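A single chain comes next, written as structure tokens; it is the form predicted on its own.
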């Protein structure tokens, strides 16, 4: 089924799973605006919404289907005909459409969420896939809470839904429970023990409850998955989802893995900030790849090493993710090298003696003033002239 065994498909769920965060709801025009940006970014699949959940979500899937041409447009459903009918109707304008249906796979969900049995749940999953397949060729099945599911039963479920017509099987770590080796082993078991697994793509969908979403997603890809479900800035319910910019840049940086995507990574920074502003969801300063401090150097030792060769302390070029530039931040921990860098940047070229004297005064100032700006630097140099 896969033409390129090393191609990783990027499934964006910013507009569905990401938008489920309280206070982050978007209007339909806002969703369309982000969807167009995701298309320019190069994502393969956009999960546009859960059509049966509300008239607004239904309309958003309709309008995104009209506005976006290259990515596959995906609509989420539960394993019932009413949900699937709504999804089919919402996708009627999509150039490429996918229905994402599924049901719980862990004994916890089967007993306490559905008050059912493994046999009944399996039958419902298969029936949903068969029903959806009448309308749409591309069917993704999610085995909810697969991270805690019995592996033998999970394999049985995956085999059955592929036989029923599923083209993608999503193995979600719904509660962010798994350790990377556990999750990777689960994907490998399915790859090696489901006899018809070559008829479908395995997808990873990881949550960040223990801070392991990105690590688990990478472990899944290393063990046979070829689609990763993720969001811009890692937004999503509770602690969030796998961060698209993190997983993409891991694959790009660790090119020895042999994987590649179709993502234009230089668009990450701008889109990160657009999503943050539109969803009123600030990006933490130390967020990997797109955080304000991701390429900021304030330690004197780091600054010195960076100024000698940026590769001493940077494994990613800021330009590769659209970041304006790396920054040398002047603090009380900065050294002479960093101070001189900024002085020369604004046109002051000091002798060694002048730099030593200015540096002492700089440290006194930096101890009482958190942000040292260009005017402060000019003032320090003016003091030399006065003397």
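Residue numbers count along the first chain shown, from 1. Worth saying up front: this structure is predicted, and the values here are computed from it rather than measured.
Only in words, not in the display: the form predicted in complex with a small molecule, which the text now covers.
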Select, from the options 187 to 195, 89 to 97, 131 to 139, 169 to 177, the stretch whose residues sit within 4.5 angstroms of the small molecule in the predicted bound form by heavy atom distance. 169 to 177
The small molecule in the predicted bound form reached by all of 16, 76 and 144, non-hydrogen atom within 4.5 Å: yes
Is the gap between residue 207 and the small molecule in the predicted bound form 4.5 Å or less for some heavy atom pair? yes
